[in-house]
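This document starts with one chain, in the form predicted alone, laid out as structure tokens.
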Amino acid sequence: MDAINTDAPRDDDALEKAFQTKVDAETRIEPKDWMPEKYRHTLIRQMSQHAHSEVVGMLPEGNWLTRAPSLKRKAVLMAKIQDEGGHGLYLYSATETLGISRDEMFDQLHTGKAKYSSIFNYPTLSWADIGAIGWLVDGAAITNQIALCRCSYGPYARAMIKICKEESFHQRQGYEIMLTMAQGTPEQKAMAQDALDRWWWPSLMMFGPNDSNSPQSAQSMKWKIKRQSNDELRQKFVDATVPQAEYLGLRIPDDNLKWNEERGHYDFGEIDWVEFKNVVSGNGLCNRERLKDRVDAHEGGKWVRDAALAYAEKQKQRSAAAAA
């Protein structure tokens, strides 16, 4: 058999056509499969941003860990924060299958080259904010992530199945906090309403720019990285969340919100895209604080990573000596 000439020019057009045919047939793309470089880079950007968001998302909730109103609430919140850390690890591992190292991803985050969800650059001012984060922020995340369970890239899709199961508990935990406060004293209900007022619009921003201002969405949908557009997902979230707010007896802070019988969906007001761009650009209320905390935590844990590597090397040497 003749040897394969690996230096021979490849027909990239034919490879891309075969790749798209595979995607269209709903066949998962795996790490060792050929893929367009732009597909790989798009996944690295999206998956690493997702991983960063899970880890940075631990920070605003950690702000209330020592001030939870009961031991039960503290234990539940601690479990949730641990889940978020685990989600970040799943996603970093999945992203590494695309040929980028974890150290490189961390460096991109710490230098500001990589982004994370803008929602985590808002402060948690009261215990009700923990409920609003679970109900709204995790609710928005689930709306987006359920579609990712069918992502064309296998490692990402499989990671999302487990993550979505855990996020559903987080959403219920947040809603239960809001329900308890809404049914509590007038002061507690006012606190819940205040949290809803502050977190509603940032939650809608989580889905990204309008479709007309999101040029990468069309390509991501063609590759089946995304299954629904930003505006479709945002509408789905609004339609699901408004009845929940009504059950709580709380008011969505949008004077333009109303049911549209003809469309079969809720109409809602325009998002403040200037604020969105400002926060994404690094000028939100907590951008610098969040990034500093992540860098400090990474540098502070260096001795643990060094010790683990040293221990692994020592065990390797002992095994080699025993085998000699």
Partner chain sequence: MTEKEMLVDYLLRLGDNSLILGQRLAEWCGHAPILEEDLAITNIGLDLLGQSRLLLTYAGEVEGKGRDEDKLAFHRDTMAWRNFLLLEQPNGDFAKTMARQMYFDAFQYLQYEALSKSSDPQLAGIATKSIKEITYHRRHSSNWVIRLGDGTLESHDKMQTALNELWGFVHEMFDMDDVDNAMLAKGIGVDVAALRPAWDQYIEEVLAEATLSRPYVTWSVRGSREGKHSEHLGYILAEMQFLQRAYPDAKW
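We call the rigid core whatever largest set of C-alpha positions still superposes within 1.5 Å between the two forms. Residue numbers count along the first chain shown, from 1. No experiment lies behind these values; they were computed from the predicted model shown.
Beyond the structure shown, there is the form predicted in complex with the partner chain, which is absent from this document and is the topic of what follows.
Remark: residue 265 does not count among the residues lining the partner chain in the predicted complex, judged by a heavy atom distance of 4.5 Å or less.
In the predicted complex, at least one heavy atom of residue 191 sits within 4.5 Å of a heavy atom of the partner chain. Taking the partner from the other structure, the partner chain in the predicted complex has a heavy atom within 4.5 Å of a heavy atom of residue 180.
In the predicted complex, at least one heavy atom of residue 304 sits within 4.5 Å of a heavy atom of the partner chain.
You can rule out all but one of 295-303, 28-36, 251-259, 41-49: in the predicted complex, only 295-303 has residues with a heavy atom within 4.5 Å of the partner chain. With the partner omitted from this view, the residue of 200, 92, 223, 116 that lies near the partner chain in the predicted complex is 92 [heavy atom within 4.5 Å]. Residue in contact with the partner chain in the predicted complex (any heavy atom within 4.5 Å), chosen from 142, 81, 242, 157: 81. Taking the partner chain as positioned in the predicted complex, the residues of 59-74 that bring a heavy atom within 4.5 Å of it are, in sequence order, 59, 62, 64, 65, 66, 67, 68, 69, 70, 71, 72, 73, 74. The two forms, fitted on the rigid core, differ between the shown form and the other one by 2 Å or more at the CA of residue 314.
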